[in-house]
Every structure is written in structure tokens, then in C-alpha cells.
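Coming up is one lone chain in C-alpha cells, specifically the form predicted on its own.
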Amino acid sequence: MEVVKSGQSLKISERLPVVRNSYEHSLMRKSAYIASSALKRALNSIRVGISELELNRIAEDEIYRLGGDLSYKSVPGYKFATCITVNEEVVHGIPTARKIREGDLVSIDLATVYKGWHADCAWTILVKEKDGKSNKEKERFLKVGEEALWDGVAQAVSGNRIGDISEAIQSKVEGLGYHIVRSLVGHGIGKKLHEDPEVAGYGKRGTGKDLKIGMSLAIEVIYTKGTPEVTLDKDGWTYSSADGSWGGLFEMTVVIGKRRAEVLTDWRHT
């Protein structure tokens, strides 16, 4: 396996304008509604015994039902609506016939395009035991990742800089004993799924590009319980933690505002 070391970023290729107008935002909102609806349906369908391919189909059907299309079609060689990762897997997992089991940490990542505008979102959940028991350590792991996401989103306002988002995420995750994956980052989003600027989950406050009203970003918390290093699996897509520890993923598409960011893909309120 290829080991991607801490600090070895996977670079985003697109370098496009990042400030959108009101009409473009309206199209992004529609795309984001489709994405969050599909994510919600897929997450709510997770249960013991369901396969990753079935979850992918549920998300795909919802995207098409609402008039959207699959952003991942723009990724050469990828044919699925989602990336699904389980336990030690971190990102870019190909949906397979593998069935979900009790105690699994399951991440669903998906992106949609509507009239040429993209939205991106992801979430990780814990599959509880059939008797209702839960794993407190896993619950804490996920709670920290979700809190880090909202801490980062809170910094996504005009007058701040990219590093303010990054520092907020890193401070929460690493301050509580987990590790940000350095080689995988958030990004700008709009006419392309991946645009400038990169939005790392680690960094220093007051550094990086200025945030301006109307910029659209996909803010991501990509972290592990153990090492920040990841390995690329033999399938050529899936990144897993190098030490086999849990991986977590939380992501929202947002638009920079004056006092607060507009969160476009909050599936919890869709």
C-alpha cells in the first residue's frame, strides 16, 4: 500500500474564482438541498445487514428523484453516487456488497450537481448494538469530530482567513487526543466539485487566503483515533488509517457570510 505521510497534501487541481453571485448561490442551494436529502435518506437507512451498495442506491435514487446528478461522474473511473467508509477507512471508499455490522463506524460522503453547480457533504454514524447498547468511546470520537466541524464553520465569516477555520478544527480534534489527517483537505466548491482554495483541517489562525462574502467552501473534518498518516488501499481509491485505528469524516458546504456562514447541506434540518 502507498502510505501518504503527514503534511503530504493531495493537491486540488482546479484554480477558479471563488466568489459567487446571488443567482449562482440559488443554484447551489438547490444542489445542496438534493445532496442533504440524499445523505439523510442514506444515513437513516443504515442498519445491521444492509450492504454498502444498497446504501449507495438509496442515495442515488434520491438524487435523481429530486432532479440532480452525480458529481462523482466528473471523477475519471468512478461510477458511484457515494463514497462509503467503515471503521479504519477514512475517505473515498468504493461501495461494495459488504454488509454493515453492529458497532461499525460508517461514513457516507456524497456530492451532487444541479444545473452545473455542485454541493458536497459527509457524515459518520455509529451502528448501535441490537440490544441498544452503545460504545461510549466511539460516541465520544464522533462527537469530537462533529463539534470540530461546527467550530470550523463558525469561523467561516468575512474578515477571517482560511487558517482560522483550520485552527478551530485542529484545536478541537487534537486538543482532545485525536489526529487530523494532513494529506486530505476541504476545498472551494461551485462550478467544479474541487476548486481553490484548499481548506485544511490544521493550521494557524490569521494565515491563508482572506474569506470574502459569497465564497463557497466544503469544510471537512478528516481525522483518526491514532496516526494522522493514511494508506491507499489496493483498490486505488480507499484511504485507511495507517495503524488501523478508527477514521471519521464530517463535511458541510457553506457560503461565507458577514456574521455567520450559510450552511447549505445541513441534512439534519432537511
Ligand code: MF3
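All of these numbers come straight from a predicted model, not from anything done at the bench. Residue numbers here begin at 1 and follow the sequence given.
In what follows, reference is made to the form predicted in complex with this ligand, a form of this protein that is not presented.
Residue H187 is the only one of H179, K128, K192, H187 with a heavy atom lying within 4.5 Å of this ligand in the predicted complex. Looking at this ligand in the predicted complex, residues V75, H92 and E220 each place a heavy atom within 4.5 Å of it.
In the predicted complex, at least one heavy atom of W237 sits within 4.5 Å of a heavy atom of this ligand. Shown alone here, V106 lies farther than 4.5 Å from this ligand in the predicted complex, counting heavy atoms only. Shown alone here, C83 lies within 4.5 Å of this ligand in the predicted complex, counting heavy atoms only. Contact with this ligand in the predicted complex, defined as any heavy atom within 4.5 Å, is confined among 75 to 83, 165 to 173, 151 to 159, 97 to 105 to 75 to 83. Although this ligand is not shown here, in the predicted complex the stretch 245 to 270 places heavy atoms of just one residue, E251, within 4.5 Å of it.
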